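Structure 1 and structure 2 below are two forms of the same protein chain, each written out on its own as structure tokens.
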Structure 1
Amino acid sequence: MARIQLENITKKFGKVTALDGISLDIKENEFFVLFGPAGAGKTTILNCIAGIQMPDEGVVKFDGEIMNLVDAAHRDTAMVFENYALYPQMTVYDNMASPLRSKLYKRDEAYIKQKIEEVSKMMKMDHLLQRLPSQLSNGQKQRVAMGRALVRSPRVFLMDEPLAHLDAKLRNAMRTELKEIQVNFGTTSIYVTHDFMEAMSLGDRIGIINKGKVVQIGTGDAIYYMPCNEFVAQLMGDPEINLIPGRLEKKDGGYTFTMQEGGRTYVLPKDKDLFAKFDQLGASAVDMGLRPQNLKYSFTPQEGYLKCTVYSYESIGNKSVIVAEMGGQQLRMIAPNGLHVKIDQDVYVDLMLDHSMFFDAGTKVYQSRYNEAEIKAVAKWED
């Protein structure tokens, strides 16, 4: 168990800058998720911590001790690889025993046996121990890879997209399972993923990485409710957040929001802090961000609802998404499965404005939102 610090890590591959001044401070015993799109540099960060790759610049510290010159074997980390990297010539048992049989972390066979039994029971794979990796399904390989890392008590536990190659159902089930055994880790853990559900579910804190840079760090709630820019807002949530361009105008001591598409004007419900923030900005072009669950729909005309047409109606599992279209503006919202919705039929949409957040239309940077103070409290916001 250790505190992991990265200071200004830069890593280039030829002319490509993979990491550009990454600084992270991961607390002892924390489950930290690195989240971002493919190619953001997440795996490279993990490799730098494990000692598989050397940063060109910057310092990697474990508990304040600089580790740059310590090779991977001596860093006392355990890692789960995206492609599992099981030793093909060894049985599952021997794969799991391998870290405890190496010179550095050597334990006697009785201890190894007991430890493997304990871990394999926890991972529900005790019946697999005598098999070879080639005889396992992807889900089982994933368990073994995880189990091999869990038999040791390393200073830090590194996981690189361990669920990425599983199909959706298995991935969700494994994520829940992982959540359940997470409490038994008792180790600082760093988990790389491009799946926002994994990030939200597992992470004590999440670090959003994009193009080799840290974009935002915070709890899942903090990032979900107060994303630092539109990129992060779109990353968190499926279906994606609705971004509605428009203009803010001060009127009668309050504010109105006029949609760019269609020109509909909404009187914004009062929120003192929010309006104070608007006062600072002056009247300006903003993008309103509204999560799909904060839109209401009706198939009959309703007072104050916006008239749109259905662009699509698609299932996302236990519920469905209606995409409504009004001119060039698309609006996503949640609906139950199995409705009889026809494409291009009329649908009436209401915005629950008191759940909205606002981004600068030019820089796409987060400005403010409704109930910011309350949300900061729930989200354990750190400045």
Structure 2
Amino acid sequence: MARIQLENITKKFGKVTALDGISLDIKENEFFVLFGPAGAGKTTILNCIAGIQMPDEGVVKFDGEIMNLVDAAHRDTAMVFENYALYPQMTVYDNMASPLRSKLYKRDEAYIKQKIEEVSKMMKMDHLLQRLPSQLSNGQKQRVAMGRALVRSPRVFLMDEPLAHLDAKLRNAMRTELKEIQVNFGTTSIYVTHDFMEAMSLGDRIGIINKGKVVQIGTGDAIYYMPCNEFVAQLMGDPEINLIPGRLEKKDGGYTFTMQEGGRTYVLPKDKDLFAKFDQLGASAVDMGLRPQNLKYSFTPQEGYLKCTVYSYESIGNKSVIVAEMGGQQLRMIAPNGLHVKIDQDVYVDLMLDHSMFFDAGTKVYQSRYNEAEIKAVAKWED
């Protein structure tokens, strides 16, 4: 159990800056998720915490103690790698036992057997213990790698996309198991993923990482409903948020929004705090953000609805996604399964403006009814 602090961490590989002044404060016993696109620097952060790589600048602290000069073996971390890193000549049992047989963390064989039996049953792989890694599927190898980390009680668990190679059913089950494991073990956990659902379901807090920088930190709900910019808004959501370019105009004590594509003008719902923000910023060119669940559709003409055509219809499990097109603007909407939808047929779309977000068209920054201090307090937004 440890509080992990990174202060102004910079890491370069030649001319490439992988981490650019990263600062994080991860609380004791917290399940903290690092979320971002491929190549954002998430794995490099884990490696710097584990001691596998040394930062060029900045400080890594465990419970206030500077760890920069402590080698990886003595940091007492357990890491699950994306590429498994199993010993090919050892059985699953021996792979899982290897941390507890090392000189640093040596335990007696009775304890090792009890711990392996406990973890292997929990991860539904107790029937695999005498197999070699070459006899396992990728998903089974991933579970062994996780099990090897879980048999120890380290100061911090570091997990680099540990569910990436599991099948969909097992991945969903393991999300639940991971959260329960973390609560039961009471260990600080740092989890890397580029899967939105994993980040939302697992993290006590989420750190959004992009191009080696921290973009935003907060709870899943805080980031989802108050993304600091368009990048975060697009990242947090599946299907992706709709961004509709247009212009704001002040009228009769309120504001109107005119779509760039099609020129339709909407009167925004009364919101004095949001209108005061618009007055303060003086922004006129904006992108309006609407989540797919906040658009209504009809296949028959409706008053006030936009006439579009169906660009695509995709069933994704318990729901479907309709993509409607109007000129160059595409709009994504959630629909129930079982609809009979034809490509290029007419569909009529209504925007639920009371759920809209606004972003400055130039800076792409979120324009909200909250001031910067309130956003930082609620979402722990870091510049």
Partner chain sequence: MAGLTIKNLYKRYDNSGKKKNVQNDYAVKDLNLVAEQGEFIALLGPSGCGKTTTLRMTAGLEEITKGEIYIGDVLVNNLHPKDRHIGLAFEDYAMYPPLTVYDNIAFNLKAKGVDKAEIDRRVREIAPLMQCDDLLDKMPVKLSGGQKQRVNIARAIIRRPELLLMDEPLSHLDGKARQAMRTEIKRLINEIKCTTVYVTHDQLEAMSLADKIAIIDLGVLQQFGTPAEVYDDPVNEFVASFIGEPPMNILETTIVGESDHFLFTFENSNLRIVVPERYNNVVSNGFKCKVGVRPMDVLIGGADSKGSPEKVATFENLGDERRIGIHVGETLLMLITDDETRYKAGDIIKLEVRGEKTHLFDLKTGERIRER
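We call the rigid core the largest set of C-alpha positions that still match within 1.5 Å between the two forms. Structure 1's sequence is the ruler for residue numbers, which start at 1. This structure is a prediction, so every number in the text was calculated from the model and none was measured.
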Which of the two shown is the form predicted alone: 2
Large Cα shift (2 Å or above) at K307 between the two structures, core-fitted: no
Core fit, then L104 C-alpha moves 2 Å or more between the two structures: no
Large Cα shift (2 Å or above) at H165 between the two structures, core-fitted: yes
